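Below, in structure tokens: the form predicted on its own, a single chain.
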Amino acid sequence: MNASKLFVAGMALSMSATAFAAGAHDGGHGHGATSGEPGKASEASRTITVEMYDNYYEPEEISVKPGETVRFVVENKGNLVHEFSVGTPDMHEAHQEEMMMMVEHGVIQGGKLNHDMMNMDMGNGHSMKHDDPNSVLLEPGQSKEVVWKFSDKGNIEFACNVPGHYQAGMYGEVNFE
């Protein structure tokens, strides 16, 4: 009986710590916040090169002005598939579930992508194409661009949502000037 009480107490403590950490990371600003919208390359005020390594970004944070359009040149310098995705912490949390499905269905295979599987019909008109304008999913050595117009100030970050990468610290802050 004592072992089961200890187990229940341990689980309650673990869940409380998880809830506290999630609240602290979100800062209370993620509810209903948006990160912006796709931008036009011709309206970009500057270009920021972002290098992705196993499991961190260079630079680790960026500063933008509200309403600014930025052209990101994203390069995967690591040995694994990585993602660059602009969004709120809540958006990243939801997207991590989708990325887990990509691993479970064999789309993401460590250091490579199964492009045929990305076109697989998931039902309800969904696929695993990963073609959202706020993110890119890259194999090692690949480079792509994201052009993004930032909205008003908010709790925005860029992150890799490949399972385990965000949890390993592969996210960066977007600071508003």
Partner chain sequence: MKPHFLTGLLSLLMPAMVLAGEYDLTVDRVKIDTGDFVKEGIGYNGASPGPVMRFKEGENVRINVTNNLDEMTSIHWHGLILPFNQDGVPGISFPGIKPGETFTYEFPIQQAGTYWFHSHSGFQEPDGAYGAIVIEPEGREPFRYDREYVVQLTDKHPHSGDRIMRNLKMMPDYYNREQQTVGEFFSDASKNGLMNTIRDRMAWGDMRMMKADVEDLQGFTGLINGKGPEQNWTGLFEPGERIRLRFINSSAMTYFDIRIPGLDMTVVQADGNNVQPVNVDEFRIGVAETYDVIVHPKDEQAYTIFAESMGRSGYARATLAPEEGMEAAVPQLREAARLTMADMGGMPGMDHGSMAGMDHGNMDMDSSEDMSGMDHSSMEGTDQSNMGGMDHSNMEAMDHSGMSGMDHGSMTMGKEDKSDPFYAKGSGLMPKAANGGKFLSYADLKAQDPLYEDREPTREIELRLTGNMERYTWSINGVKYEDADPIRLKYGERVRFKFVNETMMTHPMHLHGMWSILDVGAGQWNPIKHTINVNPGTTVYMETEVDEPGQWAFHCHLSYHAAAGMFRKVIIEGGPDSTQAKTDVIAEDGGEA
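Not measured: the values here are computed from a predicted model. Positions refer to the first chain, counted from 1.
Unshown form predicted together with the partner chain; subsequent notes refer to it.
- Although the partner is absent here, N114 is not a contact residue: none of its heavy atoms lies within 4.5 angstroms of the partner chain in the predicted bound form.
- Within this chain, E98 is remote from the site of the partner chain in the predicted bound form, having no heavy atom within 4.5 Å.
- With a 4.5 Å cutoff on heavy atoms, L80 counts as touching the partner chain in the predicted bound form.
- Though the partner is left out of this view, D54 does reach within 4.5 Å of the partner chain in the predicted bound form, counting heavy atoms only.
- In the predicted bound form, every residue of the candidate spot (P163, G169 and E173) has a heavy atom lying within 4.5 Å of the partner chain.
- Shown alone, this chain has one stretch from 146-154, 128-136, 54-62, 39-47 that lies within 4.5 Å of the partner chain in the predicted bound form by heavy atoms: 54-62.
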